[in-house]
Ligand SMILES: C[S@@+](CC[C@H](N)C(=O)[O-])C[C@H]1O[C@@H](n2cnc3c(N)ncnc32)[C@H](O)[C@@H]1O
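Quick setup: one chain, the form predicted alone, written in structure tokens, and binding and motion questions come after.
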Amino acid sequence: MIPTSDDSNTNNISLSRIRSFVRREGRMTLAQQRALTEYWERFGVESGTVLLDQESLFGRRATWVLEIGFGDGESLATMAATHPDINYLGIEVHRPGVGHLLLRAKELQLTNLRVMCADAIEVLEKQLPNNCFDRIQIFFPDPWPKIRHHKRRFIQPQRVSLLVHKLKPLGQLHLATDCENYALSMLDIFNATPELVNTIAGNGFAPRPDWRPMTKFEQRGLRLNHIIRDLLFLRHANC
């Protein structure tokens, strides 16, 4: 089934009633719409209540990476093409971005990428087993810069606990942002989470990994002279 912009399943989320996103769909191109129609069956994964299994999705078991909020999907497509030995699952709520990634997946003939058009919190709660991901990455989440909107930020202590439980022991949680205030908030939350350990001595920010492709939002931040912050944490082996 092709994903729609219907929000009919949002009344059953147990974690929070506060959305970290607004459905600003923007203009969908004919190519993106065609991709949703023609390529969804090949790359798309339905949202719902069925627990997802990596081997069923990809036909194999391998290092498994989840990306939440992949935007237009260019960086995720690049990673999947560069690392065919890794399985990638991307979740994005905005259909134009999903359509764009489906186009790139078809062009690159990716076999190690699956895509969901859904609320990531619903998917995390209902469809993803605990202890399954080797890495969860969230690059340039909406910073909600106004103080009164900070409650809408995706990274909140309760949500971090949910993310941690989806990681394998020693699995990596990797985030990046160009919003200084948000970066400091995330760093404080992660350093205060007992199940996480900072990979950087002194509990600070990490250097940008060479393997992380630059995103559209990162390029915009650099043009605005924003400092890019990466956070790299591991789930404790004994948690």
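On a predicted model such as this, the values are computed, not experimentally measured, just so you know. Numbers for residues come from their place in the sequence shown, where the first is 1.
Keep in mind that the form predicted together with the ligand is not shown, yet the notes after this line are about it.
Of the candidate stretches 126 to 134, 85 to 93, 163 to 171, 107 to 115, only 85 to 93 has residues with heavy atoms within 4.5 Å of the ligand in the predicted complex. At a distance threshold of 4.5 angstroms between non-hydrogen atoms, G69 is in contact with the ligand in the predicted complex. The ligand in the predicted complex comes within 4.5 Å of a heavy atom belonging to A120. For R223, no non-hydrogen atom is located within 4.5 Å of the ligand in the predicted complex, even though that partner is not displayed.
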